[in-house]
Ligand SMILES: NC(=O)c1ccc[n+]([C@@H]2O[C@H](COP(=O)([O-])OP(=O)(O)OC[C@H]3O[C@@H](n4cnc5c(N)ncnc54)[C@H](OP(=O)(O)O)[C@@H]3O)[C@@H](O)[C@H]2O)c1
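Take a look at this single chain in structure tokens; it is the form predicted on its own.
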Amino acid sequence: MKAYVVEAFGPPESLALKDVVPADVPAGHVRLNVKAAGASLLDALISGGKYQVKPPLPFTPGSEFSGVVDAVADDVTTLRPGDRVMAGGFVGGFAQTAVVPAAAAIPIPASMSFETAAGFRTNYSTALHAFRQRANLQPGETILILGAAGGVGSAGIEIGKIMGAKVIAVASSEEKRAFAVKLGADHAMSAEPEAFRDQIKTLTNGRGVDVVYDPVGGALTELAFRSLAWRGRHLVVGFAAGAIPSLPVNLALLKGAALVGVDLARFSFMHEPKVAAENLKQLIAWFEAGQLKPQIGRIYPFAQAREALADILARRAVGKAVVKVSD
């Protein structure tokens, strides 16, 4: 089979496309014929050796993917060959086959395409966990979403609206702001630091926002935190801007505010897997009811997987980027 392999940490163009022997299926696992793989900043950072956890070399990147079950271990009774599933893990998706724990492979609705399934789980699960378990978001509250046109941010818009919030989307271009409004954002504003806080004051009548959803980091983090209303919550989701910011902690005291971490992997696989499973069940139900309408920004052929990661690193992607691995 063909697979992209990280032989040495580096930029996307250093990924090697190689012939690889398909892995065996150990106890408790299934093997998939991969149809599509989501491409994310996480994948780009892991491939470049810039993520906080570094897998042993060599490895195949790709943390979220979909496909058809090809083989199951003897002790697996929940899945069978031919089942259509979405799957996730730390690595493995940029390949024609992937082996995952059976618990990590979730059946997908007949109405969900493989391309949609490949980009569904992580972004929507992150947003729902952030708003439900970490922020305790209430109907009528206002969310400020940074990086609103990316995969994580756009999922935040949809989940925020379903939960009854008012959404202010922050994006760096007119195209991206229009995309955010199309998704349901009540307002879209620029990311220019000079006018950032004034824009928020105008949109909230001087009150500020209740929740900041921040997958960006960098210079906007402090400006967003300063724009919180009393008892606001700032959700730390990631650092797409590259820089990990610091905050004057007296701001939290003055606003009665909270800085809250959102780590989907630890929540889902280490600490609260049952709650995470219930969240995913809710997300699939919303999809089947037509309340979630995932926006795939671009589908890249398998031969262009490197380009997908490069576009994400350069912040050119709008919506979720997906690599089509096979028909």
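Numbers follow the displayed sequence, beginning with 1. Quantities reported herein were computed from a predicted structural model and do not represent experimental measurements.
From this point on, the text means the form predicted in complex with the named molecule, which you will not see here.
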(message) Taking any heavy atom pair closer than or equal to 4.5 Å as contact, tell me whether L79 reaches the named molecule in the predicted bound form.
(response) no
(message) Please determine whether A185 contacts the named molecule in the predicted bound form, using a 4.5 Å cut-off between heavy atoms.
(response) no
(message) At 4.5 Å between heavy atoms, is S47 in contact with the named molecule in the predicted bound form?
(response) no
(message) Is it the case that G238, even though its partner is missing from this view, gets within 4.5 Å of the named molecule in the predicted bound form, heavy atoms only?
(response) yes
(request) Considering the named molecule in the predicted bound form, find the one stretch among 66 to 74, 257 to 265, 284 to 292, 24 to 32 with heavy atoms no farther than 4.5 Å from it. (result) 257 to 265
(request) Flag this candidate site as yes only if Y51, G147 and I312 all have a heavy atom within 4.5 Å of the named molecule in the predicted bound form; otherwise mark no. (result) yes
(request) Go through S172, Q199, Q96, S113 and name the one with a heavy atom inside 4.5 Å of the named molecule in the predicted bound form. (result) S172
(request) Heavy atom within 4.5 Å of the named molecule in the predicted bound form: which of I157, V152, A165, A117 fits that? Just give me the one. (result) V152
(message) With the named molecule taken in the predicted bound form, which residues across 6 to 32 come within 4.5 angstroms through any non-hydrogen atom?
(response) none
